[in-house]
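What follows is one chain in structure tokens, specifically the form predicted on its own.
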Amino acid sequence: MQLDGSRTDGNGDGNGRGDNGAADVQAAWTRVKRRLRAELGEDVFASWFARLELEDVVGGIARLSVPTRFLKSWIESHYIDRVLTTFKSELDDVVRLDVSVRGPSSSPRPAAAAAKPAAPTGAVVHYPASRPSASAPGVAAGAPSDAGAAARSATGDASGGDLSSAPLDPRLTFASFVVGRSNALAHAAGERVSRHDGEGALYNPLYVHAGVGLGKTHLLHGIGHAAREAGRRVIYLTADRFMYGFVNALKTQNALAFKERLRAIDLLILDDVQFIQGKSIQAEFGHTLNALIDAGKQVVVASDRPPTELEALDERVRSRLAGGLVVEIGTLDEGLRASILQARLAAVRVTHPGFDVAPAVAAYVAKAITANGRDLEGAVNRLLAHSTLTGAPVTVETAEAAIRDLVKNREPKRIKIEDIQKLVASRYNVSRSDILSERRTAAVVKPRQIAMYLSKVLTLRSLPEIGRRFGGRDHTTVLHAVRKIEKLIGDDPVLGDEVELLKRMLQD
């Protein structure tokens, strides 16, 4: 990969950068991404920029690449000017951006290549997906740690106004779904709607929400398989595929065909609904949702949060989603973790008959790993790699060393912006309505800025989302508040102690 980013003078110094030109360009790109993350928020950055990579800078043109045509189209349509402006502020050589789609056979960047160790011969090692908020099946016996990736890899393959379903993973069925207390209701509801053959639809829409790696994507694939086996017309989509299909239909003037295709089905399954963005796309999603439900067609939707917390979605869409059956897949209890682990070990032994894990080791792993099924998958892969590479038996000590970084003390508490506002208002003797108001007195501005700062550091909400929750303010106002409080905390130990106390009160 070439990263010159500079013009070379007679001495080859490249605008004074000398031999550090490539390093300077890469450092500038790192700062660009850091600024985009801060200004746009974690959710937006993770959705659209986490997989945007710099290939080279030549003749003032910065060549960027993304893995799918959808990402290329979306960035060029919505963010290209912003990325260029930010890049120029860090590296004035850049005058234009060129975004391309890198193929699956493209050579990985050096940093990425170094980050992933080679898998031993015969071992299957799965690495987590690059998108942090993507759902993993978590409970599949023998499924990869992100089986939804197979479906997501199809994003951008649709052409014209055609809307094709993303592929369903054949391994993610109801038969391979391990049921426990935390997911029993969701599983029962999913089976019921997939096999319902009476008039109308049940629990419409069925809305499933869960954290990463708890099994919601597996459940959606299971619903899709069972419904197709019953002869029903099913479309399974991720949010990005839905958005790509709609944007592409508008570009090719096939919007009507897109809508008719989507509404002529029996069951719509939509994953990762939290990523649906854009007023026109949200409006079309709302119209489609209403049309399907009113026609008695079944809709199943999944997200990483309840519908009431989807601040980026139109309020009417949120209300319609909340009007069906909303079920949560909770954290995995120890018994369910043990069952998932045993199913995974049994699947691995099919291809590696000599791989043996004693009951004491399995019990230790199931007890130690509490976060999600993806981490259980990672633990099995590590134990398999140890057994394959060393030929030594897997002991509790081996497991302890292998999974040390996967062990979580406890899941962090989910903190709401409303709770932050109430606590800060009480602490500074103002009302929550004062914090949300336009008042600019010092007695109100300080607690408002502290509440904005805490909302940024203690929640996953983006800057625009936080601004909306603070009386409809712009994201730049929130960014200013966050930076100001960060500086004041560094300069004023008393304020630093106050803010730390508020953090502890919110987290306890």
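Residues carry their position along the shown sequence, with the first being 1. Nothing here was measured: the structure is a model prediction, and the numbers come from that model.
If you look for the form predicted in complex with a small molecule, you will not find it shown, but the lines that follow are about it.
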| query | finding |
| --- | --- |
| Interface stretch in the model of the complex with the small molecule - options 368-376, 260-268, 425-433, 354-362, non-hydrogen atom within 4.5 Å | 368-376 |
| In the model of the complex, G286 touching the small molecule (heavy atom, 4.5 Å) | no |
| Touches the small molecule in the model of the complex: S176 (any heavy atom, 4.5 Å) | yes |
| is_contact(N183, the small molecule) in the model of the complex, heavy atom dist at most 4.5 Å | yes |
| Close approach of G211 to the small molecule in the model of the complex, 4.5 Å, heavy atom | yes |
| Option touching the small molecule, based on a heavy atom within 4.5 Å in the model of the complex, out of L206, A227, I340, V380 | I340 |
| The unique member of V300, V273, A166, L172 whose heavy atoms fall within 4.5 Å of the small molecule in the model of the complex | L172 |
